[in-house]
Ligand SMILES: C[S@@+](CC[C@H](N)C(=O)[O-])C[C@H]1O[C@@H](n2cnc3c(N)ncnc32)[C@H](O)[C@@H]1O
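Single chain ahead, by itself, as structure tokens, in the form predicted alone.
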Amino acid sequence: MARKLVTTSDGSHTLFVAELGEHYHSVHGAVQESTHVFIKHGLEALTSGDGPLYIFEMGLGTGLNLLLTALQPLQRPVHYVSVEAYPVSAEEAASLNYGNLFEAHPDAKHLLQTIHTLPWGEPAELKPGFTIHKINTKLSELDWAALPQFNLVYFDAFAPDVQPNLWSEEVFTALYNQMQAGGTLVTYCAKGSVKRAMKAAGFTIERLPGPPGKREMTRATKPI
């Protein structure tokens, strides 16, 4: 897929896929959106405890969600699995400005580079106590049996109008079965059909205020 670099309203980059008419992140602010949806309403709700934290991301994309997670002061081991069917190239990754946006984190640029240069298909250490496992495949071809049970899911696929097959009851059922009791799934999407698919899979649904440019987002929890 041909991708074009775009600067969003908060100064951070996203990529635009012309053939899909879709951006990887909100044009109202890529970092603002990812921070609001995945960190504030996802990760920050799960930082208590000292056991390993298992995170699954649907769509590695630019690596922004992973970078923001790695920059958090987590006091527990993290195992982060991300599935991506169409990885960005090394040149595209090098053009992203995320590594220059976090003055409090001088290692951000190095972490972003490492995210995109570590090998696919096998676990690797991003930094001490933080392991990532990038899987280059379609979600429909993922070997769920080879993965752990997750505490947290970042569901960041392209919009349902573009990739409807990824927002189905079948997909959410697979994720539900792969999550620990009490586990949380967060997504920027608040479409009615998506929430109904999540409910049918067994999730309890919360409607939360959305990031800039969006009225709502969704958090789904697997009951204990």
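Residue indices: 1-based, along the sequence shown. Bear in mind the structure is a predicted one, so any value in this text is a computation, not a measurement.
This protein has a second form, the form predicted in complex with the ligand, left out of what is shown; the following refers to that one.
- With the partner omitted here, the residue from A108, L126, V83, L147 that has a non-hydrogen atom within 4.5 angstroms of the ligand in the predicted complex is V83.
- The closest non-hydrogen atom of L60 lies within 4.5 Å of the ligand in the predicted complex.
- Looking at M1, you'd find a heavy atom of it within 4.5 angstroms of the ligand in the predicted complex.
- At least one heavy atom of L139 is located within 4.5 Å of the ligand in the predicted complex.
- At least one heavy atom of Q163 is located within 4.5 Å of the ligand in the predicted complex.
- Within 4.5 angstroms of the ligand in the predicted complex, the stretch 148 to 179 places a non-hydrogen atom from each of D156, A157, F158, Q163, L166, taken in sequence order.
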